[in-house]
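The chain below stands alone, shown as structure tokens; this is the form predicted on its own.
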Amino acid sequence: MADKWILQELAMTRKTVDESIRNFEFAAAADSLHDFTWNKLADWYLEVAKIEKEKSSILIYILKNVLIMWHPFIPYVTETLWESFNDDILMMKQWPAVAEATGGDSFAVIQEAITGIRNARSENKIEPARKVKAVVVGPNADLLVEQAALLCGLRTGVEAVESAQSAPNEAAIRVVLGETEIYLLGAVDPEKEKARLSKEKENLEKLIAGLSIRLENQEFVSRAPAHILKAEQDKLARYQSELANINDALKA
């Protein structure tokens, strides 16, 4: 899953860089390359590679393509790096013809879950050494259990992942990811959890109020493109669903 995702992101980055350079938007091209190199390759995929192993071929493939795309911006650095593991000269290489890739969208679910767990631990001031168990309820439960190695290995402090049909009876820190919920067992402080959920509720109520006003504005509704209007309506529905889940948790 992570392999498909990083190849998909590489193809999208190549396309964005191509378009930016053709339009003489060199800062935008460099920003796109930086985002891919730092936030996606280094921050996510390299960490996944340490867990899943056997990634040498794909890492070299990505590195070569990234160096070629960076070459117009930092030629001396990229040339030196290239010559450290190639016998030819980088500036003679053709611009990369990266094939379109698909099938990596599900990795976003893993990223969202990992980020949500990290944020919940930070907000609740759970010490890094304390291990917790994650119980997943909802449509993405099977996927997250299947990818338990990543959830446990990518600095979440989770030692086990399991799915359930409903919320556990014991006290837990609740992470809401749309229709999927993750309950972290073994590190809950009821008062802190109540305060965190109340803050989330307040933020969601503000977002819902703002979106509702926009969608009730007939001028906006009549002028907005259909896809923008649909996206705003979907966003409002998602926020309302998350608010209902948080209200249920506060009652519990």
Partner chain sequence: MKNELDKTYDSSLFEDSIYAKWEKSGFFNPDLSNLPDFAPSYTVILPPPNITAKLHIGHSAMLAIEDLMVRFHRQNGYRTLWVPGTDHAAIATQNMVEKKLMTETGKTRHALGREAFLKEVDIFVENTQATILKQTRKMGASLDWSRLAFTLDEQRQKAVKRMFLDMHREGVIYRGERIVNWCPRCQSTLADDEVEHKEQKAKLYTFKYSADFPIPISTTRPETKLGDTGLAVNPKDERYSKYIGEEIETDFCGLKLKIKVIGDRKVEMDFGTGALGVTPAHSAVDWQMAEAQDLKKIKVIDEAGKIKDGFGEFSGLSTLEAREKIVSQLSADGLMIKEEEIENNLSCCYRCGSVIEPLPSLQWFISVDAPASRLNGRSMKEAALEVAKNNEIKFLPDRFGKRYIDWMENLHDWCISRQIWFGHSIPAWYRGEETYVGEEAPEGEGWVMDTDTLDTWFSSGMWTFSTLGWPDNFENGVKSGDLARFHPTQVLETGYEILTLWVSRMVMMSLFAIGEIPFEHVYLHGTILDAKGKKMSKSKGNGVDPLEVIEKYGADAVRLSLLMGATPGNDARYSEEKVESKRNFVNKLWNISI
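Positions refer to the first chain, counted from 1. Note that this is a predicted model, so its numbers are computed, not measured.
The protein also exists as the form predicted together with the partner chain; that form is not presented, and the subsequent description refers to it.
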Inset, instruction - Please state whether all three residues Thr37, Leu46 and Asn86 have a non-hydrogen atom within 4.5 angstroms of the partner chain in the model of the complex. - result: yes
Inset, instruction - Please pick, from Val66, Leu211, Leu204, Leu197, the one residue with any non-hydrogen atom lying within 4.5 angstroms of the partner chain in the model of the complex. - result: Val66
Inset, instruction - Would you mind picking the one in Thr102, Ser166, Ser122, Gln94 that has a heavy atom within 4.5 Å of the partner chain in the model of the complex? - result: Gln94
Inset, instruction - Considering the partner chain in the model of the complex, find the one stretch among 72-80, 142-150, 110-118, 127-135 with heavy atoms no farther than 4.5 Å from it. - result: 72-80
Inset, instruction - Answer yes if any heavy atom of Ile51 is within 4.5 Å of a heavy atom of the partner chain in the model of the complex; otherwise answer no. - result: no
Inset, instruction - May I ask you to check whether Glu232 falls inside a 4.5 Å heavy atom distance of the partner chain in the model of the complex? - result: no
Legend entry - Contact flag, Ala244 vs the partner chain in the model of the complex, heavy atom cut 4.5 Å: no
Inset, instruction - Verify the contact flag for Val221: yes if a non-hydrogen atom of it lies within 4.5 Å of a non-hydrogen atom of the partner chain in the model of the complex, no if not. - result: no
Inset, instruction - Sequence order please: the residues of 11-40 with a heavy atom within 4.5 Å of the partner chain in the model of the complex. - result: Asp18, Ile21, Arg22, Phe24, Phe26, Ala27, Ala30, Asp31, His34, Thr37, Trp38
